[in-house]
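Before any questions on how it binds or moves, here is one chain, the form predicted on its own, in structure tokens.
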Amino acid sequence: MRAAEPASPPAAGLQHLFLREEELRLAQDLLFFGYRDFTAGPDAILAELGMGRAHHRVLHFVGRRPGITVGELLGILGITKQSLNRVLTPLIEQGYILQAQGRSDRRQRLLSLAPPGTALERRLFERQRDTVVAAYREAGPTAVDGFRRVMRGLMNREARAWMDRIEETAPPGGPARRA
């Protein structure tokens, strides 16, 4: 007797059960719990250093875009200059981030990771990388593509544009460039 083939999921748009309130609340629960567990490892590392998630976000985006201006970082993080300075000043003073004047506009502050900042950002990334790798392997490539589409759908236009620039400059073997 032949085993039944596993049912393939319905094509997008054919079934709208995922748009019902309970399914949307489940999606919200998944986002909350996923984020909590995704950040738990780095939170522990940062706590040992007297830092928090705001420090992690700054290290991440400065590491992703060396030479980023303070203005660009403010736009990405969506916070006030005062809030950024509360996080950025200690990172600079403790030697995690370097600050330089802009080449054409001396009022600009260009940020990059100093060697200790590179090491810390790498340690935080590796902790989260292992979590993402395990989840991606369990879910499979179709689910990974769906996840990326959903996450992009949650982003505003500016965040999607930033992601487009990141994907365009991804090294070979990185994420596929968007068409």
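In this text, residue numbers run from 1 along the sequence as written. For clarity, every value in this text was computed on a predicted model and none was experimentally measured.
Quick note: we don't show the form predicted together with the DNA, though the next part is all about it.
- Put simply, of T39, T69, T131, T118 only one has a heavy atom within 4.5 Å of the DNA in the model of the complex, and it is T69.
- Contact check for A27: every heavy atom lies farther than 4.5 Å from the DNA in the model of the complex.
- Using a 4.5 Å cutoff between non-hydrogen atoms, G140 does not count as a contact of the DNA in the model of the complex.
- For the chain shown alone, R127 is not a contact residue for the DNA in the model of the complex, no non-hydrogen atom being within 4.5 angstroms.
- With a 4.5 Å cutoff on heavy atoms, H55 counts as touching the DNA in the model of the complex.
- The candidate site formed by G78, S83 and V87 is fully in contact with the DNA in the model of the complex, as each residue has a non-hydrogen atom within 4.5 angstroms of it.
- The stretch in contact with the DNA in the model of the complex, judged by heavy atoms within 4.5 Å, is 46 to 54, chosen from 46 to 54, 150 to 158, 118 to 126, 131 to 139.
- Taking a 4.5 Å heavy atom cutoff to the DNA in the model of the complex, the contacting residues in 100 to 125 are Q101, S104, D105, R106, R107, Q108, R109.
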